[in-house]
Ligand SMILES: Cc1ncc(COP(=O)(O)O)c(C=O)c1O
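What follows is one chain in structure tokens, specifically the form predicted alone.
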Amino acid sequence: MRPRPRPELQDLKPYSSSDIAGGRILLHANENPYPLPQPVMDEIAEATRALQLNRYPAPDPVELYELLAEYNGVDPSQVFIGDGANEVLLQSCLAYGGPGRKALLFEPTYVMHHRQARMAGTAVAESQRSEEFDINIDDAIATIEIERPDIVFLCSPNNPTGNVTSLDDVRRIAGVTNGLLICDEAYFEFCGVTALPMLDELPNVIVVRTLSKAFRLAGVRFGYGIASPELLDQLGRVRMPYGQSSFTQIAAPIVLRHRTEVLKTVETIVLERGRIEERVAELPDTDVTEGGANFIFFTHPEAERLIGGLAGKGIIVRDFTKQVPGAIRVTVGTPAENDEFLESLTALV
């Protein structure tokens, strides 16, 4: 006698990232390479001393909602928080997807979107991006009209390719979508292009963001969504109690209060991104996609050899050859890390 798992999940392999064994320079997970400023860390550590771990965390941390609303220029009632952006994405699928419903993806894109839809019992339809990994807006609209999806995922900047979708295209996609349009803006701070200004006119849109990237808080696991209160009410129906730990409710507000200082690394990362893209584009047989996130994306006919060669030098990058032939994604590191990556890659090519 054994329990029977859901049969539709049997071809869904457990998620795994890069093998980082022996890694010295980790350029695989799109983390911010800079730790938080020491005074900010000290403030978090001091506040942690007062935690009462025998008590549940606050169910609705008011200050956190207010700080997120202030940063994004919205009302606190438009904010929904979760343990990382992935939880907000999954809860969106639970609330608006499910058996008998369908989600549409523009592939290649963030691999978790497909997984989150499937985890919620939602069927998945795919529309392929162009050879340059942009969304062909006419094809997208035609696909939406044929598939009539209940959820449309739109990742911008797109992970793993880095493409930024124009706001005109976002508006047109939202206008023909009868279901929920999820704008995944995890890398917004590195490009500055956002769908937020159109939320008043497009009540079927939720913008999902994170503090893991630009805010240097990947280890805390905190993300949030911004949408109309009516839309967020439905997400509240599938929300677990006491979602954010007491530590998260300490660390996230402190970092948001110090956001001017914390976000100073964004400019450096953007400049380094441009430098790496330019240098890699000069190498033989490489094709670089210009991006707007904190990583670069390129293809090479011997990508697997390059990935293995870099790993042999302790430099871990992300292998995307199963999604796109010859594709490699490389997180922007510190200038010294980027120099070593470029030197090693040039020697291998």
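As the structure is a computational prediction, the values presented were derived from the model and not from experiment. We number the residues from 1 along the sequence you see.
Below, we turn to the form predicted in complex with the named molecule, even though it does not appear here.
Colleague: Within a 4.5 Å heavy atom cut-off, is residue 215 in contact with the named molecule in the predicted bound form?
Modeller: It does not: once the named molecule is placed as it appears in the predicted bound form, residue 215 has no heavy atom within 4.5 Å of it.
Colleague: Does residue 179 reach the named molecule in the predicted bound form if we count a contact as any heavy atom within 4.5 Å?
Modeller: Contact with the named molecule, no.
Colleague: So, in the predicted bound form, is residue 279 in contact with the named molecule at a 4.5 angstroms heavy atom limit?
Modeller: No, residue 279 stays farther than 4.5 Å from the named molecule in the predicted bound form.
Colleague: Does residue 104 reach the named molecule in the predicted bound form, with heavy atoms at most 4.5 Å apart?
Modeller: Looking in the predicted bound form, residue contacts with the named molecule do not include residue 104, since no heavy atom lies within 4.5 Å.
Colleague: Using a 4.5 Å heavy atom cut-off, indicate which stretch of 182-190, 167-175, 144-152, 72-80 touches the named molecule in the predicted bound form.
Modeller: Going through the listed ranges, the match is 182-190.
Colleague: Going by heavy atom distances of 4.5 angstroms or less, which of 84, 121, 243, 253 would be at the interface with the named molecule in the predicted bound form?
Modeller: That would be 84.
Colleague: If you check 91, 210, 265, 161 against the named molecule in the predicted bound form, which one has a heavy atom within 4.5 Å?
Modeller: It is 210.
Colleague: For the heavy atom contacts within 4.5 Å of the named molecule in the predicted bound form, list the residues of 98-114 involved, in sequence order.
Modeller: The stretch touches the partner through 110 alone.
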